[in-house]
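Read the single chain below, which is given as structure tokens and is the form predicted on its own.
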């Protein structure tokens, strides 16, 4: 199944760079794709025009296949205005206390309109479209297949993997509990779907008849081979690419990854209103007493955006959402194409040793 997936996607290596919305850049996506993997661009935060513009930048850098990723969300959101007012007061007080001059503001919209983003994705016509946070509709799936776009869904449980397979997705990416960034959970409460990758992976492979991609805590070629032994058709790595020069992660974020204590990496909701794995820091400590009153994603995510931008510019990694997988300290700061080469050399060496 691994060979058929690579042939269908037009890539050389069983390696997918995770679509990290935020720190991802066209340069990172293009570098991975040009090196024989599948670069993925996280477009969940972007307006349609930006999706078109940045996809054009990727195509200007490489003629290789790449993926676009979207967050499947409602087109509109209803906010609890009293909760919004309370959290704005909390955030403004924290920013004042930490010496940041910026303050929160109520945005014109809480998030881009998904149906408009989807239309832009169809216009771009990437080789691959991947999705998190929910299923797309059967009509949307048919629209993608009509354009010969390969569809990958994200699952954090066997039930979610089955849901994507029954919808007609071409492949499913199973996101283990170790994975950095936002959880893709949509059929369960987040705490009910924190399943370790190497437990979830063989269960999902047995449950569905489509290629299964492994994501969560994989940082080297040995981990890629381990996932393959358990049935994965390919491995998706995100944190491994965060320290690359092409990554858009803030310098403080890149610096903090290499020295992160494993027990300080955990599931956080206080930055965005949705469960996500990253470094616990000064911000998460300050917001912990108020977690019960935090508004959901994307409302909280929009409200914390000014703080995160200002903190990043000030080099305050302790106030930034430093998303990362559980094995973050294994990052290697090198150009993305070089990292792909290193990963695949490790994979081949481990495979040779395993077969021998």
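Positions refer to the first chain, counted from 1. Small disclaimer: the values here were computed from a predicted structure and weren't measured.
Omitted from view is the form predicted together with a small molecule, to which the following refers.
Comparing 312-320, 64-72, 287-295, 27-35 against the small molecule in the predicted complex, the single stretch with non-hydrogen atoms within 4.5 angstroms of it is 64-72. This chain is displayed alone, yet in the predicted complex one of 215, 224, 169, 212 has a heavy atom within 4.5 Å of the small molecule; that residue is 215. Checked against the small molecule in the predicted complex, the residues 178, 160, 228, 256 give one hit for a heavy atom within 4.5 Å, which is 178. The shortest heavy atom separation between residue 14 and the small molecule in the predicted complex exceeds 4.5 Å.
With a 4.5 Å cutoff on heavy atoms, residue 20 counts as touching the small molecule in the predicted complex.
In the predicted complex, residue 121 stays away from the small molecule, with no heavy atom inside 4.5 Å. In the predicted complex, at least one heavy atom of residue 42 sits within 4.5 Å of a heavy atom of the small molecule.
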